[in-house]
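As C-alpha cells, one chain now follows by itself in the form predicted on its own.
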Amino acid sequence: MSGIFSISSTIKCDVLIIGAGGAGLRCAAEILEKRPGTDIVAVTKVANPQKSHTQTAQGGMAAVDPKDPVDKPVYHMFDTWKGSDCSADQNVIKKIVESGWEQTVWMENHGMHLSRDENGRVSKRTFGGHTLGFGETSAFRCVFEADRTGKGIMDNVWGEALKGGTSFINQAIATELLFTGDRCTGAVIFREKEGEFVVVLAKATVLATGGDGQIFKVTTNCRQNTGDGLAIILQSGLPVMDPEAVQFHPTGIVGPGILASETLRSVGGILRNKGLEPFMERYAPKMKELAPRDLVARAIETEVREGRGILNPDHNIEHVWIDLRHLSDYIHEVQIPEVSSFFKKFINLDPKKDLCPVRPSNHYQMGGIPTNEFGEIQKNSESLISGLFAVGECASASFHGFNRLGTNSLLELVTMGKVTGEKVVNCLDAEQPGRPKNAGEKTFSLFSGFMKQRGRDNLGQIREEMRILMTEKVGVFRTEEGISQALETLKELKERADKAALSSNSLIMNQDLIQRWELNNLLVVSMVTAQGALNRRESRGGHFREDFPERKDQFNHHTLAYMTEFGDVKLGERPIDMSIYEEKGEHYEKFGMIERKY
C-alpha cells in the first residue's frame, strides 16, 4: 500500500526548525540576528505558533542580576545542581545560569513587558528550591510578566522570527529525519490540510517539538504534547536520554489537571490536608511549600495514601487543599489573576473565599534528546550527528537532571535557543544538501501500516488505557512489579493498536490518521520511559522507586535508550559532567555528590 504515497514537492532552505514554540523561535531569532536574510522554515503542529505550549507557562524565569546585592550566579548554580539530585551536567548549569540575566535584558529590549515594582525595578519572585547562601534562605530571582510569562516570551520571539522573514508551515508534522551518512539533511513533513508529504532539505535541522506529557492520564500538558521529537529520534536509530526522569507538578487543579502555578506557593499559598493541617513542615522542615517539586508532589501523594486526603465527589479523586484565602486582593488581582481565574472558571470556586483542590499532575520531561552544551544532538556519549540540533523540552543537555526547579525551564528555553542559534550559524556556509533516494520510505511504510488494518478496536480507548497504565505504574511512586506490568501491557496495547482500523483512509484533514500516528509515538515513548525506570534501581529526583528508596552512586550517570524495534530497548550510559567540582575553584565542594535535604 505504500505505493499510494508520494513526495509532492521539495523545499530547500538554510534552516529547518521543527516546532515553533519559545525554544525554536528564540533559536530562529538568534540566527536572523547573527545572519540576516537566512532562509528559515519553521514547522508547527498547531494552527499557528501562538498555540504552542510555551504560551501557557505562568510563573516566570530565573535570572540573577550581576548587580544584585545579595544573590549570586553561584547560588543559582548550586540550587540547580542540588535540585537535580546531583544529576544535571555542571558545564551546562554554568553556561545557562551565567547567561540568564543577559537573556532577560535581551527579552526586554525586544519588547517583553516584565512586571516591575513601584520603584520601576524588575519585580522578582521566589520559587521552590531557589536559595541564597547555599540553602540558607529563599532567593527572589524569578522575573515574570504577571502570571503569563510564557505568553510574553512567545509574543516576543514570534515577532522577531516574522520580522526576519521566517516561513511557517502550520498544522504539519515531521514524520522522518533525512540523512546522508552521519549528516542530517532535513525531514519529511506531512501537511495535514493538504494531505501531502513534502521533503524539506536544510543545511541545519533543529528539533523543538516540546514534551510528552500525554503519556499520562493527568497532565498539565497541551493536547499536542505526544513525544513526537523523541519518537522520530528513536526511529532514526539515535538515543533518548533519561526518559525515566519525569516531573509531576505538585499542584494540578483537580478535574481539568490544569497547572496551578508554583507562583501560588511563592506568594504565600499553604498546602493543607483533610484536617486543614499545613503538612509540609513534616516533609521539608526548612523550605516547606517551597521545597523542590518532586518532594512536594510525594508529600501530597503520601498525605492522600495515609488517609489525610479529601475525596472530590465530582471526579472521585482524592486531593489536598491549597489555601489562598489569606492573600491580599493585590496578590489575587495583580500577581496571580489568571491562575486565580482558573479556579473560578473550571471548578466554580473563589480562591479569595474557598479552599482549592489540587493533586500532583504530570508536568515536564526532564530527559529527552541528548545534546551537548551547544544543542548538537549526540549519536552516543562521544560523537555527534552533523547538522542536527535540539532545544527546549524535547532536548536534554542536561540542565535539569532528575528534578527541574521552577522557572528554570523558561531560562533554558531562551538561553539554549540563543546558544543553539549561534551554533547553527556555523552550518550556513555548507553546501545545500541533495534529496536522499530513500526519502519517505520509513514514513510510507508506517502510514501504509496504519491504513491497511481492518480490526475493530477503538484507538481512543487504547490511548486512554495506556495513559491510565502509565499514571498508575510509572507515576509519582514506582516499583519493580508495577513497572514490569506496565512493560508487558504496553506490548499488548501496541499489538492492539497495530490491528485497529482507521475510520477514513483519506490523507486530507484526517484527524484519525494523525491521532493514530500520535498513539504510535506515545507507545514508543512510554516503552523507553518504563524501561529506563525499571533499569534505574534507585530513587533520584522525580524518579522514586519505593523498593529502592535511596540514591545510589552506581547510578551516577545518564541513561541512553535506543529502540528501533518496539520493545527491544538497548541501554547505554553518558557520564554526568562534574566540571565545576573537578576544577576545584571557589565553593567547588558544594558541587560534589551532596546530601539533598530541605
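As the structure is a prediction and not an experimental result, all values here were calculated from the model. Start at 1 and count along the sequence shown; that's the residue number.
Not on display, but discussed next: the form predicted together with a small molecule.
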Partner contact check in the predicted bound form: of 49 to 57, 528 to 536, 563 to 571, 549 to 557, the stretch with a heavy atom within 4.5 Å of the small molecule is 49 to 57
Exercise. Establish, in the predicted bound form, whether Val43, Ala174 and Ala208 all lie within 4.5 Å of the small molecule, using non-hydrogen atoms for the distance.
Key: yes
The one option of Trp517, Phe78, Phe197, Phe168 with any heavy atom within 4.5 Å of the small molecule in the predicted bound form is Trp517
Interface check vs the small molecule in the predicted bound form: of Asn221, Asn156, Asn403, Thr185, the one with a heavy atom inside 4.5 Å is Asn221
Should Tyr364 be counted as a contact of the small molecule in the predicted bound form, where contact means heavy atoms within 4.5 Å?
yes
**Message:** I'd like to know if Ser409 sits close to the small molecule in the predicted bound form, meaning any non-hydrogen atom pair within 4.5 angstroms.
**Reply:** yes
*asked:* Considering non-hydrogen atoms and a 4.5 Å limit, does the small molecule approach Asp228 in the predicted bound form?
replied: yes
Note to self: So in the predicted bound form, is the small molecule close enough to Leu16 to count as touching (4.5 Å, heavy atoms)?
What the structure shows: no
